[in-house]
Structures are given as C-alpha cells and as structure tokens.
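Presented below, as structure tokens, is a lone chain in the form predicted alone.
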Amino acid sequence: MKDDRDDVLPGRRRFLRCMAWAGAGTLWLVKGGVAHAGMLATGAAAADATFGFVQISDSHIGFHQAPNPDPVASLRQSIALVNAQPRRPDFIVHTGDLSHLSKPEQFDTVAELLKEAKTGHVFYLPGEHDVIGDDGKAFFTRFGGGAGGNGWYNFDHHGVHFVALVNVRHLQAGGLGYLGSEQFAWLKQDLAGISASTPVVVFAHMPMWSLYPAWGWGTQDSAQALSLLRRFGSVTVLNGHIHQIQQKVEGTITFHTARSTAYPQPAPGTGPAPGPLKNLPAGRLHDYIGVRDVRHARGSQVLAVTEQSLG
C-alpha cells in the first residue's frame, strides 16, 4: 500500500494508517485538488454541505456463519443509523455484494430492507457475489441495466459528476477485478466533456488500486481508467469488497474502501487468505461493520467522509 508521496507527507500517511480500523470520522477538505485529512470533531463542515450521500457495501444477505449469522439484522441496523442522521442524505449507493449467492430471495430481501431508508434514491452496482451463475442477469434486471445490460452508468448531482463502474464480471487470475475495453471506451467518452474543475466521484465494488493483489484486492486494468481521471482537480473513488477501511492518496485521487454491513475481513496479508474474521472478541462485531456518510459543499469544495460503525 505504498503511496508515492510517503516521504513527502509522512504525517498524513501515519494518520491514515491509524484510521484503518478506527470508527472515528474522517474529514476530507479538498483545496486546489489536494485532499487534506483530519478528525471530524463537530460535524460543522457536514452541516454546511450542499448535499450528502451514504455508501453501504457488502451486505451478503444469505450468509449465516460466524461472526454474523444474521446479516439481515445488521443491514437493518445500518439503515436505522442512516435514518437517524440529522440531515437526510440525498441518496444511498450500495457498492456490491448485496447477496451472498445471487439468489432471488436474497435480492428481494435487500430491496425490501432498503425501502425503509429515508432517502431520495438508492443506486446499486454488483459485487462478484451478485453475478454468480448468470453473469449478473438477475441483478441487472432487478437493479438497473436490464438482463442484457452492461451495468455501468453515470449521473450528475449538484455540480458533482458520478460514475459507477463494474469490475466483477470477468475476474482475472487471482481474482483481480477487470473493466474491459468496452467499459474503458465508454468512460473515456463520458469524461471527455467534463470540465477538469468538476469534482468526480467513482463507485466500484473491487478496489481500483493494487491494494493487495495476492488476495485479488485490486483491478487488473484500473490504470487505464485512472489515467483518464488524473486531469480532474478532485476525484474520490469509493469501493467495497474488502470489508474494512483502507485509504490511499495518489495526486488528486483519493481512494476509500468501505466496511461491510455483514462481517469484517483480515487486514491485507495478516493471514493465509481473505474471509470472515470468525474469532472476534465477544460483543465486538458491531465495532467492525457500518456505513459511510459523504457530504459535499459547493464552491468551497469541502468533502467530508465520515465512517460510522454500528458499535
């Protein structure tokens, strides 16, 4: 997880490492295309935001083993946490692995639960667990794109350009994600008409940087997509898949991975393979799962990213 600027910005890197498993909020102030990290103490910046949204990820409905035999309950608690916010988010984005085995009843459960969320809209993109057996046809039919669709999309909201990418349909050696030439061509065309001063937020399920390739925690051809994003002054990339908070800064691009609402996984390389952490201290599951709140302020380009555990 080497940042090319580790030697230049050791303080920021130490802060990010300390935050990797913490439940405290992180405040990102984007000035001149550079993201500055600090503790979110009072929420004042979020209160001044022009809009906010919530990221939910890796609900794994259908999972029923340790450390969480009831991911339905923890997803419902996550939604309750969203509903308890003093300001209603404009939308929710679920960044994949809604289901554990792509079963229709698992998709039904997620859809019904998210109807309880007090928000304007819910956006979805698939995880690798959502495309098992049918290359995502059931997912796309239900959540957008249609049975023959490709699943990627974009939208604009209050001056911010959002891009949702799909990197789970053609996994590469070792389980790495893959975008493919068709999606890359679409992204190139989409971004061509966007001003470099426009903040861009990218959603994907698998990490868009080489977080830990030995475990498939990365996207093989992400460099092509990132090359198109480097001209923008503020880019935020949000993904799931690894069930924990990891962060990285590359120039004007800031990467954030998200907690799962179901169960945590080990830190990169701290074990033989990824998988549910089954031996958590008693009563501590909710300290490792939760949601992310993101708020943006027009003009001042303030981006506040708050990590909220269920504990």
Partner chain sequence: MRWNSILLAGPFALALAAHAATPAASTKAAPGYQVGIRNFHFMPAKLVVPAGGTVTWINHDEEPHVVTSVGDRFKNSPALDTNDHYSATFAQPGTYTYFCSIHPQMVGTIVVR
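The model shown is predicted, which means the values in this text are computed figures rather than measured ones. Numbering follows the first chain given and starts at 1.
Absent from the display: the form predicted together with its partner chain. The rest refers to it.
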Inset, instruction - Check whether Trp215 has any heavy atom within 4.5 Å of a heavy atom of its partner chain in the predicted bound form, and answer yes or no. - result: yes
Legend entry - 4.5 angstroms heavy atom contact with its partner chain in the predicted bound form for Ala173: yes
Inset, instruction - Although its partner chain is absent from this view, report whether Arg231 comes within 4.5 Å of it in the predicted bound form, heavy atoms only. - result: no
Inset, instruction - Could you confirm whether Arg259 comes within 4.5 Å of its partner chain in the predicted bound form, counting heavy atoms only? - result: no
Legend entry - Sole residue of Ala196, Ile132, Ala111, Val122 within 4.5 Å of its partner chain in the predicted bound form, by heavy atom: Ile132
Inset, instruction - Could you work out which of Lys103, Arg87, Lys137, Lys188 is the residue within 4.5 angstroms of its partner chain in the predicted bound form, going by heavy atoms? - result: Lys103
Legend entry - its partner chain in the predicted bound form: contacting segment from 154-162, 111-119, 179-187, 207-215, heavy atom within 4.5 Å: 207-215
Inset, instruction - Scan 226-263 and note down the residues that get a heavy atom within 4.5 Å of its partner chain in the predicted bound form; none is a fine answer too. - result: Tyr263
